[in-house]
Structures are given as C-alpha cells and as structure tokens.
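Okay, here we've got a single chain as structure tokens, the form predicted on its own, with questions on binding and movement later.
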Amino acid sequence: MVIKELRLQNVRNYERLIYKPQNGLNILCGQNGQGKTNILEAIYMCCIGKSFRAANDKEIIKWGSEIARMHLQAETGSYDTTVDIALNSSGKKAVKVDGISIVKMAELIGRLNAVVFSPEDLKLVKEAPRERRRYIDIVISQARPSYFYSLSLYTKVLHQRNKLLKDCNKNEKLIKAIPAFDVQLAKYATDIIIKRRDYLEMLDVIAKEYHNQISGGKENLSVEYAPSIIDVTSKDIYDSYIKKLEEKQKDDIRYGSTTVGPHKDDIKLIVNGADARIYSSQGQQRTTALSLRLSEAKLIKKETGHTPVLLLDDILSELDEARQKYLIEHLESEQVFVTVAGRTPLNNIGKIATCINYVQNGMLRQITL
C-alpha cells in the first residue's frame, strides 16, 4: 500500500494542506508543536477510522472551525482507493470510501492498513489489559475485517445486556429476559475468542524472533492469551460461556455490569519467564513494545498480501542507537513516515530518505540535507 495524496482542511493546526508523499522513507522534521504528528494522525484515521491519540474526534477540528475534512488517496495492489472524512463540532463523523458514504466503520476497516509506532507504545506493556485488547483488536480487524464485525456486534449486545442488568435492580421481572442476551453474547464471543487465540499464536512466533534479535539473544519474549474461556472447540467455548454467564448472573445484576467475557481478557507478555509489566526494566518493556509493532506489520502483510503503511511518531528519540538501527533496517513496507524533532534527522537516517519535509506552523517545505 502506498499513499499518493493527503488533503487536510481545518485539521488540528492545518487550515489547508495538500501533501503528496513518495514511496520509501518520508521524513517529517521540525520543532515540537508544529504539526508533524498531526499528519500521521490524519493518515491513521483515514485507514482505521479513529485517531491513535485523540479521545474525542472533536479534538481534531482546528480551533475556531466548525468542520474538519480529510481526503486520502492510496494505491493498494493495482487499484486506487479514496477515503474522505468530515468531522463537525457537534461530534458527528461522515465517512466516504471511493465516493460512497458508509454507515458502519466495518466498511472501512481492512481497506487501507497502517501501523503506528509511538512513545505511547509503552502502555501496551505497562498499563491495564484494555490497552493490550485494543492492540490485538486493531491487528486482527485490519487483517480480517470479519473480526471487527463480530467485535462490533458483541459490544452492542454487551451494552444492551448491561443496561438490562441495571434495570433488573429496579424490576426483578426483567431477569427472565437475560438468557436471550446471553445467547447472542456467547455467539459473538466465541468467534472473538477463537480468532484472538489463533492470531496470538502466530504473533507469539513472530514477536519472539524480533525480540530475541533486538536484545542480541539475551531475552526471550512470550505472548500468551489469557481468555475468559479456555476451551478448544467452538461448541465448548459457547457452552462454557453460557454457563459462566448463568453462574455470574446474580453478581452481574448486583454490579449492573457483565463481569466475564472477551471484554475482560488479557494478553500476557512474558520476558525471560517473568511478567514484563511488573518485572521488566523500561528498556526491556520498550523492546517488547517494538517487537509487538514489528510483528503487527508483518502479520498484516502475511494475511492481506499488502504491506501496511508504517507511521513512526518520534519513536527514534526513545530508542538507543542499536535499536534505532535495527528498526530502520527491518521496516518491511513500501512507504514509511517518520517524525523527527528538530531540523536534522537523527543518526543520519536522512541519507536513506526518499523525501524530507520541514514542518513549521502547519506548513511543509521540502528540504535536502
């Protein structure tokens, strides 16, 4: 996949921008706060449908503006795809793919693939299970959009069941309606659990190799799925989940929330036999996060046949020279975007760049070293 053009209107600090990146390594350099990351954010949003850093879409709209627009044209294989996104200050988002409006984000996921590396990746290792679930959900959704469909339906039914549980505290007669939601929840949960398990088995093999190489053979990484249900077959998973929902029904009604299911699962990251979240140094945690991102890109390529666009947001400044060198040498993509603080790219990576743009106050200017 190669991005041919990105157009922005009232996005963050960009009033208007037309950016035509090139194949290979594209470097965006400049001082902090000038708009480098905003370009990566817009690319990612046009591929995934959401920002990798904003909690609310309204944050993306330029201050004082009512609407923001993004247009991305990309080449995947032998055909071009366009994505148009419009955001307004009331929080509404309109998305078009190839000029046709889409109703569900599932119609966008998987069309264009992007992997982002950022200093925030340490959250994958250090923080709560939600970060790791989000990571694997995005990986699988890009590789197989049907997973995103199951995940969306599971989330919808989960919210409906939780609302019913709260209402049951006020009206006990509603309890008899819970099993109907359990059946739907178990149906989608089964598909999610199986796909997560299968993908994490593949991810473990790839990440283990990357981590071993980056650490110079000193560290061994294992990626393990910690699901709510550990049965093997689809029928067993379905039956076990129904049983657990029945066993937890009284607790669920008391708390007004579903206490078991894929939304509670975790991914264990084990370095040299110990939980990386608790026992690894920050350097080991950073290597773990880097291994996961490299594995994500490789897995997407393996499943789709197309290399995702790679977005490196100020990641080089977070890595030592050896890890910088390894990362640059192992970026398997037709197109890579790297943001670098300051005017001069770190460690002479500019020498292998296809194009270097200096970003200042929402303006791009192509430069040579």
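Don't overthink the numbering: it's just position in the shown sequence, from 1. What you see is a predicted model, and the numbers here were worked out from it, not measured in a lab.
The following text describes the form predicted together with a small molecule, which does not appear among the structures shown.
Using a 4.5 angstroms limit between non-hydrogen atoms, Q31 touches the small molecule in the predicted complex. Contact between E321 and the small molecule in the predicted complex is not found at the 4.5 Å heavy atom cutoff. Remark: T307 does not count among the residues lining the small molecule in the predicted complex, judged by a heavy atom distance of 4.5 Å or less. Within this chain, K301 is remote from the site of the small molecule in the predicted complex, having no heavy atom within 4.5 Å. No residue of the trio R144, I194 and R197 has any heavy atom within 4.5 Å of the small molecule in the predicted complex. For the options I328, I67, A54, A341, the residue carrying a heavy atom within 4.5 angstroms of the small molecule in the predicted complex is A341.
Of the residues given (I48, V336, I61, I315), I61 alone sits with a heavy atom within 4.5 Å of the small molecule in the predicted complex.
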